[in-house]
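Same chain, two forms, each on its own as structure tokens: structure 1, then structure 2.
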Structure 1
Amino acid sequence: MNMGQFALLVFTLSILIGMGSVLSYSEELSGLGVMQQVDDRDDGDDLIQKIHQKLLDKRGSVRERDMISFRKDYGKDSKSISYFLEPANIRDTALLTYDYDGVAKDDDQWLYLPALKKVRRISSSDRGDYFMGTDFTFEDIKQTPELEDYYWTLTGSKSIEGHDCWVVEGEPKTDALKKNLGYSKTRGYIRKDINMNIRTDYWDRKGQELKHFKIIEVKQIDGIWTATSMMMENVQTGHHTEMTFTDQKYNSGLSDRTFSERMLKRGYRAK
């Protein structure tokens, strides 16, 4: 090989390497890629935690509630069950969720209302309904949105509370999804250092500003970054919901029996 051929080979290799870098860089920076990192974030194999809710309306009246929640991962799928403990008029109201990865199988949710001794199945068309008077819909209270329901676009970076964040917008892929989810667009702010969505803005089906979600406090518990305080504010009604999470226990080996319709009806019983 003469020097000319060698120079041409080096030049060609440098171009190919550069193209590979550009491709991997753009893949890393895709909106879907960022959201996939959020979905893949380490959140333990299972989790038990207590939740304190405060519901505040624009007149300043406050309602407070206490809950306990259990979650377990099954590969990329997960199951969770949450029980209301206080006040007495909603004690043992419970929500059971089977959150399946992908859109091949619809997620399953059941709400148990002890006063009626009735289990209500939450259908896919009910995902946009609000959960027990809070500002969170049944879809909102899942760990992450179903990624395949949205077109994801990375629109840039922004500093939020001193944290460098990706800005990712999501648009439901069909009008039917917009109707079911209750949103025409979302905009999430993803902390780059821990792959956690710390803020989301929502627009309603008509394209009007609707809600703001914000994680107020994050702590590392058992090596896992954990949201310990969050808020959802509805700017159209002036109502907002605050939630504080305590007594987290990761990887305790929860039984599969924890996540059954029988346990949903039985209610929470402290050991």
Structure 2
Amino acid sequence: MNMGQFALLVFTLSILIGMGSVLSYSEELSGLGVMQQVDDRDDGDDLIQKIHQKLLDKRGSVRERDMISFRKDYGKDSKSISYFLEPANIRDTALLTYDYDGVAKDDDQWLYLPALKKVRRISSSDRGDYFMGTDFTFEDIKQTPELEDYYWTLTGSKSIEGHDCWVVEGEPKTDALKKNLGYSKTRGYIRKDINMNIRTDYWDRKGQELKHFKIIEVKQIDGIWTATSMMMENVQTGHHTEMTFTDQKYNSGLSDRTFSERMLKRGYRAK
């Protein structure tokens, strides 16, 4: 390599590095970019986990549920099926969801109600509807919100419990979306080291403070950062929901048959 070629190589590398820096910098400054990184975070191709829900009202009344959930990714889409195992009054109730990426197509959802012995097609359009009495809406229990539905603004950085976090505010793009989702604004705190949203504050359609979401514990399981305990508190009702996740199995090669009306009707029985 002569000096001319060497100089050209150095120049080219410096341009590429510079471009990378510019790209990286502009991504860091974009709320959408941060949220895209959250969306792209490795969460496995499939996952089985048990979920324990604790529903607590302001008078101290507690209801507890046990579920098992299965999820499998199909590119950007995913399918999931969740079975209620306990208590007996909702045992065998099960929800099957085909979650389509983007907003062009509504998700498909089916609910099995053991009291009717029937699988019911249900509408997924009311994403602000609360899931089975919890403080999580159907939108909240998704991995990440539909990014196209919000204007995302990166407002800065903040340390949360010793973790350096991006602060990203989301505002639903239209009044119809605000009505549908039940929120006028969200503010999320995303850990920079693992691209995980560990806290979110919600404001209702009238701009009043509504809910606080918090991940209490994060662990690395099979090399994947996993929330193992989280909580959602509704400050308007005083009700809150705690969820703990156990027995995670990533990338076990779940069969497509797992996500079917057949399995909804059969229910889950531990083998």
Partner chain sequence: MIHKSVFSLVTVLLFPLQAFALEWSMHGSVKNETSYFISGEKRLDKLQNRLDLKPEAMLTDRLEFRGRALLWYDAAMDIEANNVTDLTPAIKKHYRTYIKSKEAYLLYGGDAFDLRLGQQQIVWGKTDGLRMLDIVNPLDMREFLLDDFLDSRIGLVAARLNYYTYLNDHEHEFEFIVIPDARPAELAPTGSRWAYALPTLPTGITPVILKSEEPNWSAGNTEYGVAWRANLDGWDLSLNWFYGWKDTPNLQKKLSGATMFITPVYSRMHTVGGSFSNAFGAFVVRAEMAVNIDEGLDANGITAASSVAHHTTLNAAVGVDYTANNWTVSPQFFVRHLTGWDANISEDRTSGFVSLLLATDYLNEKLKPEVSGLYNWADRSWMVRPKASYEFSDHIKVIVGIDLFGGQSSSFFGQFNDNDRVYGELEYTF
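By rigid core we mean the largest C-alpha set that fits within 1.5 Å across both forms. Quick note, the numbers are simply positions in structure 1, starting from 1. Not measured: the values here are computed from a predicted model.
Working note: structure 2 is the copy from the form predicted in complex with the partner chain; the remaining copy is not.
Relative to the superposed core, Lys192 undergoes a Cα shift smaller than 2 Å between structure 1 and structure 2.
Relative to the superposed core, Ser157 undergoes a C-alpha shift smaller than 2 Å between structure 1 and structure 2.
Relative to the superposed rigid core, the position of the CA of Ile122 differs between structure 1 and structure 2 by 2 Å or more.
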